[in-house]
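First, one chain by itself: the form predicted on its own, in structure tokens.
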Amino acid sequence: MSEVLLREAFVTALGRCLPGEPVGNAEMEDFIGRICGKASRLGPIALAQNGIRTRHYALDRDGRTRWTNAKLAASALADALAKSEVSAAQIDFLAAATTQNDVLVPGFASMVHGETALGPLEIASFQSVCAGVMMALKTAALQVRADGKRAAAVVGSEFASRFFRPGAYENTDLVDARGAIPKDADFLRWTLSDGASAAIVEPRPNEHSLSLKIEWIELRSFADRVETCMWGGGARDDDSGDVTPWNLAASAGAAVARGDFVLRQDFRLLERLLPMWIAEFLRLVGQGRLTITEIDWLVCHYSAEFLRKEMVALLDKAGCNIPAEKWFGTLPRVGNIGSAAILASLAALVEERPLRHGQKILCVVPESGRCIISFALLTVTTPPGARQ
């Protein structure tokens, strides 16, 4: 049997959509609202822990919007295409990732495709949390390398704020006598925000500008070992960790009253996931897939500053930490935008740092939904005339 020769895959353009003006911490509740008309007691504590200073919302101060999640994704894709050396007509694969689609049916990629100027093409939808876009990026790279696609588009997009308005909580069983909601739900209101990002993937680098060669992408789920850590659309049993889907309630109204549609997270369980993520990193180092000293930039997605500090402590203990000056991220200025975060940070790195040909970039995306960790190793590739 003859050997199949695979092509290479390069990220040749990156785009973003960060709706509206940056919203400072003091203005947050003007956009997401005050539950039962009361300011959150947890808000200042959450902000101190997550380290976010500004974020973007696709809502105005009255909760109105002209956006959908699909429109955010399409806008980010248009930004990437405007920076690329290919036209929309040359895109023949679209992979779209999000945490929560605009609708139950059809899939997110279909909704994004409908908002674009792309012609008929192959699509794939990925519904996860933060790591969904890494699934999409890997699939796009494989389509380019093995299936002969001319150019692929990848988008990750989140519209979290629409689920954080007071009406999502009021008149549910989650509101106590003081008008407060559980800490695990309130914390996320102060951490998650809106935004989208996109990448163009091609089998060859740009002729006139910087590209990022995709060396490899790895993703591993540990859902067989741990319970659900972050959930929405169901009721979770605190003892077993089992989640009962909202559609098994007596009625949709009963599910709403129970608070099934509120996004929540088990922060005690989250602490158990950190060592598992670090162990996977150490496994790649031990196998020789990663060489710490060869990493020039670490673009790591994390949802809060306190989690980054805990990861650093574990890496220090294992003797495998990457120096702080090589870390790059956009959490403090754009907030946690879930599946859009890693490509948005990568776009900022390309724009803001003087990258050199041959430099190695390690992208890391842990996901707390039910414990996923993903990695992508990229190599900076510049046109021959631009190399030093």
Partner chain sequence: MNAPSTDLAPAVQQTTRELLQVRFEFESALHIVPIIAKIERGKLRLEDYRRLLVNLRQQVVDGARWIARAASNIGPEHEELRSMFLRHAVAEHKDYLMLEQDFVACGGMLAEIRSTAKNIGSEALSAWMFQAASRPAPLALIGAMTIIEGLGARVAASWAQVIREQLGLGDDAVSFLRHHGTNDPAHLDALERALDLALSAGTPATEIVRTARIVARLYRLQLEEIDNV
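Numbering follows the first chain given and starts at 1. What you are looking at is a predicted structure, and each value in this text was computed from that prediction instead of being measured.
In what follows, reference is made to the form predicted together with the partner chain, a form of this protein that is not presented.
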### Query
Going by a heavy atom distance of 4.5 Å, is residue 286 a contact of the partner chain in the predicted bound form?
yes
### Task
Using a 4.5 Å heavy atom cut-off, state whether residue 227 contacts the partner chain in the predicted bound form.
yes
### Query
With the cut-off set at 4.5 Å between non-hydrogen atoms, does residue 180 touch the partner chain in the predicted bound form?
no
### Query
Does the partner chain get within 4.5 angstroms of any non-hydrogen atom of residue 294 in the predicted bound form?
no
### Task
State the residue from 320, 46, 36, 349 whose non-hydrogen atoms include one within 4.5 Å of the partner chain in the predicted bound form.
320
### Query
So which of 252, 279, 146, 82 gets a non-hydrogen atom within 4.5 Å of the partner chain in the predicted bound form?
279
### Task
Tell me, please, which stretch of 268 to 276, 168 to 176, 71 to 79, 104 to 112 lies within 4.5 angstroms of the partner chain in the predicted bound form when heavy atoms are compared?
268 to 276
